[in-house]
Structure formats: C-alpha cells, structure tokens
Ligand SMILES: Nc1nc2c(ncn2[C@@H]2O[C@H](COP(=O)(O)OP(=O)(O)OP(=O)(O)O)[C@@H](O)[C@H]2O)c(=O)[nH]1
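Listed next as structure tokens is one chain, alone, in the form predicted alone.
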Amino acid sequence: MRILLMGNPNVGKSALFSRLTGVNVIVSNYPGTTVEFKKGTMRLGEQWVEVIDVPGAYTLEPTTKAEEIAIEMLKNGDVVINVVDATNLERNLYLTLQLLERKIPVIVALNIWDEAKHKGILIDVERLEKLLNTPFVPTVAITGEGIKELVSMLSRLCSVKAQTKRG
C-alpha cells in the first residue's frame, strides 16, 4: 500500500510526514531530476505501508517540474492524504478538487487548524465532507493534534481499498 502526502508548498506536508513515519526516512531525487521527495514507512494495523511526501503542487495541470513529478507519482499511489492550510482554504481546495476527480481515495488533512481558530476562521468540517464526499480531519502537524484521528481514518480507508482490490 502506498500513501501519498500531497498539497501546496508550505502547508505542513513534511511535518505531517515526520509525525506519521518517525525517523525511518529516505530522501531521494526523482529519477532524472533534482526534485527531492521523502519516502518512509508506518505501521497501519497489521501491515507496514509506504508513505511518500510528494513535492508541493498547486495544480495537476503542471507548470513546474515539481508538479510534473507529483502527477507522475500520483499514478502509483493507492491513497492520498491531501494536506491543506486551513488558514487559506480557498487556494488549497483547487488541488483537492482535482485530486477528487482522479477517483483515488482522498483524506483531507485540514492542517494549521490551531492558527485558523486563532485567526477566527470558522470551517464547517461536516459540511465540507458532505459537499465533497470525502473525509476531512483537522490537524496540527507540529504538535500532533488530530494525528490519531487521521491515522484511524487512513486505516479505515486503506482496509476498504484493500478489500476492493481483492474483490
């Protein structure tokens, strides 16, 4: 099982990656480029899964080498955790909508949740989930807030994905 962390640059993907994988990390360049990505593993239930911190992208209509590579990596992913900046939701949801069009299972991590609350930004998580038909989990990657909920949601999504592969 391969889990991709995708999102705009500077939304906390790497901090979330560190929370999920700990110190078991390999930093690599995508073949033929100087664009780096990180790869690690985490235990999800009874199995070990691969987690990849994909280069930051604003769109799946590439304008940079990093976005081209993100799209290429998406072809080999089983599940996407779309990390978005909860303080700048409108800009971040463009990529979310494009990911949802790809018919790959997506969980949205509403990262920087603490700062959004501090700024008085109110986000109706349940309404977003209903509108986009995908789970949203508020997180603060640097403190670990919401990580247990995210992993629990990921576990459920991966078990459903595994069952559909078998069936």
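Computed from a predicted structure; not experimentally measured. One rule holds for the numbers: they count along the sequence shown, beginning at 1.
We do not show the form predicted together with the named molecule, though everything after this point is about it.
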Interface membership of I142, the named molecule in the predicted complex, 4.5 Å heavy atom rule: yes
L150 within 4.5 Å of the named molecule in the predicted complex, heavy atoms: no
Close approach of E50 to the named molecule in the predicted complex, 4.5 Å, heavy atom: no
4.5 Å heavy atom contact, L154 and the named molecule in the predicted complex: no
Location of the named molecule contact in the predicted complex, chosen stretch of 61 to 69, 95 to 103, 108 to 116, 126 to 134 [non-hydrogen atom, 4.5 Å]: 108 to 116
Stretch 1 to 16: residues contacting the named molecule in the predicted complex, 4.5 Å heavy atom cut-off: N8, P9, N10, V11, G12, K13, S14, A15
